[in-house]
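First, one chain by itself: the form predicted alone, in structure tokens.
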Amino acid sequence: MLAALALLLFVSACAGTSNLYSDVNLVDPNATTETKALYANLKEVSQTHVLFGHQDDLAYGVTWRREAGRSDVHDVTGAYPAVYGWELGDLEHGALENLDQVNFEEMKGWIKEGYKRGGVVTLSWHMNNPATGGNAWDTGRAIQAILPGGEKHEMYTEWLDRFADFVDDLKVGSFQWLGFGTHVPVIFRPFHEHTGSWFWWGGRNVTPEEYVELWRFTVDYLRDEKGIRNLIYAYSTDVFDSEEDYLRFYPGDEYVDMLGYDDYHALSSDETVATMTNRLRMLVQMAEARGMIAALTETGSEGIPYETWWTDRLLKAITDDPVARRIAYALVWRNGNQETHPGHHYAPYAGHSSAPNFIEFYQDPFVLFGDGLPELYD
């Protein structure tokens, strides 16, 4: 009886890597069925809608921390975001909390919670400088030290081992405690904003050749050495002005699943909205030429001082062009708690001056929150 049960569970687990989505060309051809389904469905949904996302949405808000079921976005609209962003900085050191004091075990629970609601999960990783021991913003030369043959290479593979363990533990289902269950698909965007020079992995701190080698090694190690099958790899720059500028560090189509970019500046005035629209248009064109998805992977206005920012700037920038509007999602940054980060919020909370306009944004039929999502994992 136990042997039969074990066989049934094994077959069920293996079904997650079937070829039902053989037309989906991911970096990992053996990605789970749910991961391929998410990619295929995001590609389809992006033709008619954009998903709204928020960083750290379930962990804390402007006036609260760690309250079950709480969300500033939900407090205002009655709906959760469609996309949940999370941060893994300090995971590399085996820390209990990330750099924003979010407990990693609790984060796993919130990730699974968002997935069970039908939402999308994306992970960023502001990993510390491996050469100097400083944080991600310590721009001391580091990449050569962690590439194969470098003095910190073994340490870097240990960091990737911790990441792989974290992602592999994102399972839902009745028998996850036995090692079975469905892995939560994750959009992973490592080494982001690399066209700027504020991180040790970007801009003048690296050469394009070093960046490409690091990216490819990271993907090869996670996919081939660790066998992680629930990742969608997103290449995400900071602002850019041409396709050549965007692709200067590009590791190649065979190592990238999604094209994204982060922009906190273009929506700071009405006059610059068209700048973001143009960049989104280029982004979608580059993605679709490769059969990929495009996304506005980070954006926002700190404190949201402009009350109609949601419709007059963010929504306008996306919808003003028939090509630009085909991004899969737009994610705004976190709502820092007012006790430690006063004014550092990027989504409205109950009573905020932009809340009425945010509700208007939520009600726009083009925008999807968690309560309007189609089945993305079917």
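All residue numbers are counted from 1 along the displayed sequence. Remember, predicted model here, so these are calculated numbers, not experimental data.
In what follows, reference is made to the form predicted in complex with a small molecule, a form of this protein that is not presented.
Please pick out the stretch from 93-101, 114-122, 141-149, 164-172 that is in contact with the small molecule in the model of the complex, where contact means heavy atoms within 4.5 Å. Only one stretch passes the 4.5 Å heavy-atom test: 93-101.
Report whether all of Phe240, Arg325 and Tyr329 sit within 4.5 Å of the small molecule in the model of the complex, measuring from non-hydrogen atoms. Checking in the model of the complex: none of Phe240, Arg325 and Tyr329 is within 4.5 Å of the small molecule.
Going by heavy atom distances of 4.5 angstroms or less, which of Trp333, Trp64, Tyr349, Trp309 would be at the interface with the small molecule in the model of the complex? Contact residue from the list: Trp333.
Residue (of Glu87, Glu288, Glu210, Asp75) lying close to the small molecule in the model of the complex, criterion heavy atoms within 4.5 Å: Looking at the other structure, the residue within range turns out to be Glu87.
Heavy atom to heavy atom, is His126 within 4.5 Å of the small molecule in the model of the complex? It does: once the small molecule is placed as it appears in the model of the complex, His126 has a heavy atom within 4.5 Å of it.
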